[in-house]
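Before any questions on how it binds or moves, here is one chain, the form predicted on its own, in structure tokens.
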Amino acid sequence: MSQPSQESNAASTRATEMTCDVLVIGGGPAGCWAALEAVGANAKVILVDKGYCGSSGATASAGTQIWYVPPDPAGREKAMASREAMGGYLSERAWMMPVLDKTFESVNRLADWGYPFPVDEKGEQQRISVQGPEYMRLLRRRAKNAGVTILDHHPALHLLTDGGTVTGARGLRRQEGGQWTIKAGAVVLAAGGCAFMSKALGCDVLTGDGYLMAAEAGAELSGMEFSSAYAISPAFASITKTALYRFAQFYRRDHSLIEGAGSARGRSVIARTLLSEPVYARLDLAGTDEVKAILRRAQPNFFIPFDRRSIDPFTEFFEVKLRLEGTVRGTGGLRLTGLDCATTVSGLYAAGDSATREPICGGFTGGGSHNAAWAMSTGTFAGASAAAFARDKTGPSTVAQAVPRCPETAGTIDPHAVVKAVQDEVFPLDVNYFRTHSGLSASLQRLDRLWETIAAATAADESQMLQLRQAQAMTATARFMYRAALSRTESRGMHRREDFPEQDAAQHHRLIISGLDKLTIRKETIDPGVYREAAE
């Protein structure tokens, strides 16, 4: 396999060209696991991150649980059955079992590498959660030590293709200035989902860039209607660790209890109340000092904004809001054709939140635990498969071309205004949480007109390129979401239709969406037998 080399930097110090076997786009857990697996298969790997690999993204900023289930048949059966109904029976055990196996193996590798899992009173490690900062520091260090070339602050803007096969990507050097081009035998997209810059903790770098790049290359997406994930957060802070609100009750301004409100099944009650009045919370179900101490140890970041304001969340009321997390917590993303995590485009693989999480979560969020397991397992599967694809390629690659989307001439667009326009369509609870045909249709029409305005826009200068690309990606993602949501005329998983409140047995299928200017929807039957074995 080829060496990751800098082919030319002479023509201009503002342009860098490199080559490698596997290019990984995204430096979160899925990207790191993909890079580790690929380099372990003797591939030469470059990982590019929009921010700093190890500190950017949703995982690095807080702790997360892991869907870690030892290979006991009864335990595995319980784990797989636990969310099937909530997900509208769109998950598949043909995926769940290998994900559980790979997650169990990967977490144990973390322990072997020295991750400091907490120890119980019997001296046994509790491997069911990780703290983001320590976890990501360890993955970064392991990747660098294994020989992965990590390029921080190198956002990808476009994929390169050659005869219908993805052969690399092109992007920006945010700190040095200029642009980069990396030609690769295969590409793994692990760029995360899209939270629409809602200021959810760690999520503002997650703007759907991977969806746009892949769609431009012809990839399909699935489950985009399951994107109305809103997290509970204090009104004064971005921390979104909803799990701790299991210990909360919710109140009106006069401190009267809101009956039925809760962090899990009662979140709709909170959402409906927020349509007309503010909502307050108090962690008053954490009854003992011992429980309070455990919560502080488990999620220390959660309490920082309270401590800064001298608020005791266990005894004092504080205002809360619902903050959109889009496909970061929702399950939509790039459609995978099999356990090798291939997309529908040759040479392009997807992992983590870039890929639809429907195979293990159906139409409902898996929460942090399933998301963490998905990142570990699909990252590993995709890294191995991409390395195998690059190894099996025959003949030298010809000059790759950027996916032709943006013409050279176009009007100048204000990216901030575009982002605000998209947020105005996807944030409102009475449009995106409580969905109706009229609300979705009106929003989609406005988004379609916005897309017509910005699809061909080019940045006024290099400093605007990333902002414009993010605005285009968010617009594209919102259109995918609402087009799919209009097509599913039932309520299933987290997709709630006020005009179709019941689950319809005739709609037990996936909705596959493709295209950009013209969006196309098709149905896909769920068949556990269609998946190929992962590359190991």
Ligand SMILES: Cc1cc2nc3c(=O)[nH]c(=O)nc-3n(C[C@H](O)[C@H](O)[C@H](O)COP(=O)(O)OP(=O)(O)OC[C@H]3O[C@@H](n4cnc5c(N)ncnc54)[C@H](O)[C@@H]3O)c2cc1C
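Numbering starts at 1 and follows the sequence shown. The model shown is predicted, which means the values in this text are computed figures rather than measured ones.
Another form, the form predicted together with the ligand, is not on view; read the next lines as being about it.
The binding site of this unliganded chain is blocked: after the ligand is superimposed from its pose in the model of the complex, three or more of its atoms come within 2.4 Å of the backbone or C-beta atoms. The candidate spot formed by 59, 190 and 352 is fully in contact with the ligand in the model of the complex: every one of the three has a heavy atom within 4.5 Å. When the ligand is considered in the model of the complex, residue 295 lies well away from it, no heavy atom lying within 4.5 Å. Of the heavy atoms in residue 48, some are within 4.5 Å of the ligand in the model of the complex. Contact check for residue 106: no non-hydrogen atom falls within 4.5 Å of the ligand in the model of the complex. Proximity of residue 156 to the ligand in the model of the complex falls within the 4.5 Å heavy atom cutoff.
Among 447, 387, 372, 270, the residue placing a heavy atom within 4.5 Å of the ligand in the model of the complex is 372. A heavy atom within 4.5 Å of the ligand in the model of the complex is found for one listed residue only; from 457, 80, 86, 201, this is 201.
This chain is displayed without the ligand, yet in the model of the complex the stretch 321-329 from 110-118, 321-329, 422-430, 215-223 comes within 4.5 Å of it by heavy atoms. Residues of 23-52 lying near the ligand in the model of the complex, listed in sequence order, are 25, 26, 27, 28, 29, 30, 31, 48, 49, 50, 51, the criterion being any heavy atom within 4.5 Å.
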